[in-house]
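Coming up is one lone chain in structure tokens, specifically the form predicted alone.
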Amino acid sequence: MSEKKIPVIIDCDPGCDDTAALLLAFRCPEFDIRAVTTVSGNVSLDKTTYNALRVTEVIGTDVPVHAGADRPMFREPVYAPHVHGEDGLLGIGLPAPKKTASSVHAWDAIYREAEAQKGELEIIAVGPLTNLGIALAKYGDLAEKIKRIVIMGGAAQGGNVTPCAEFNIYVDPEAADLVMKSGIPLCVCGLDVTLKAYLTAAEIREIKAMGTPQGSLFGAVTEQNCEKVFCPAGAPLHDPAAVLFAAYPDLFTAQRCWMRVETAGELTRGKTVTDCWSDAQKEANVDLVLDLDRERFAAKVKALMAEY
């Protein structure tokens, strides 16, 4: 563990895997989490913000929650209630939050924190990238003030919401492409790696058996994804993979490549067009995370959850 903690904002749309990611992030000793920002995605903004407030209270943190965009930059909203339930948390009976969201918009909070951290701020973005797109559009000097963005989104091959697009990028491809073009150092944890970043049903039961409210919540939001066709070995931890990459990159394997986002194609909306090998020889702009040590990843997840 480094002596100096990494100042971090977590930009998310809770959401089940966002909830698991938050639970883990707040136990990573490497992080100084400065804020949680919310965006429309898995469910509508009012629900993602309400869920972020509820989850951070279960965690026991007073880190501020800033609501952001209630729709993509140029498109109508897309939600995923069939995955996360109508409320975003599968109807899990978490208590109503005692605190409220900050009056400062997410994109303004991102800029203010980037200035305050003097070029050291990192962002872990595990939802649609609308807040970051708006922040980049509003603040012309933002890109030079952010050290790194770790993104859960996209896929070099395939997709989940369409045959060629992953949900977070599909929802707001224009915002995602703004981020890809920004010049900010980017690390992309797409389906290529997140479908390998799974916990087995037995491993999830181990976490639930820890007997903490946080472990129970982690189990509740992850176990429903076990034994799905796309990952029969267990429950893929999409957003937690990005969190753990940001803290423990040695668990993962990444490759430099070029990536942009398709915004015009009717059938290819949201495709992360990825070039690792072609003759085009475009200048690399992302570290694409492609693999991980699954056993060490699972052990780290369990160790972090044991800290509650």
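Given the structure is predicted, the values throughout are model-derived calculations rather than measurements. Heads up: residue numbers just count along the shown sequence, starting at 1.
The same protein also has a form predicted in complex with ligand RIB, omitted here; what follows describes it.
**Q** Give a yes or no for residue 48: in the model of the complex, does one of its heavy atoms lie within 4.5 Å of a heavy atom belonging to ligand RIB?
**A** Looking in the model of the complex, residue contacts with ligand RIB do not include residue 48, since no heavy atom lies within 4.5 Å.
**Q** Heavy atom to heavy atom, is residue 272 within 4.5 Å of ligand RIB in the model of the complex?
**A** Judged by the heavy-atom cut-off of 4.5 Å, residue 272 is well away from ligand RIB in the model of the complex.
**Q** At the 4.5 Å heavy atom threshold, is residue 222 in contact with ligand RIB in the model of the complex?
**A** Residue-level check for residue 222: no, no contact with ligand RIB.
**Q** Can any non-hydrogen atom of residue 214 be found within 4.5 angstroms of ligand RIB in the model of the complex?
**A** Judged by the heavy-atom cut-off of 4.5 Å, residue 214 is well away from ligand RIB in the model of the complex.
**Q** I need the one stretch from 69 to 77, 206 to 214, 133 to 141, 162 to 170 whose residues put non-hydrogen atoms within 4.5 angstroms of ligand RIB in the model of the complex.
**A** After filtering at 4.5 Å, what remains is 162 to 170.
**Q** From first to last in sequence, which residues of 16 to 53 have any non-hydrogen atom within 4.5 angstroms of ligand RIB in the model of the complex?
**A** If the 4.5 Å heavy-atom criterion is applied to ligand RIB in the model of the complex, 16 to 53 yields 17, 18, 42.
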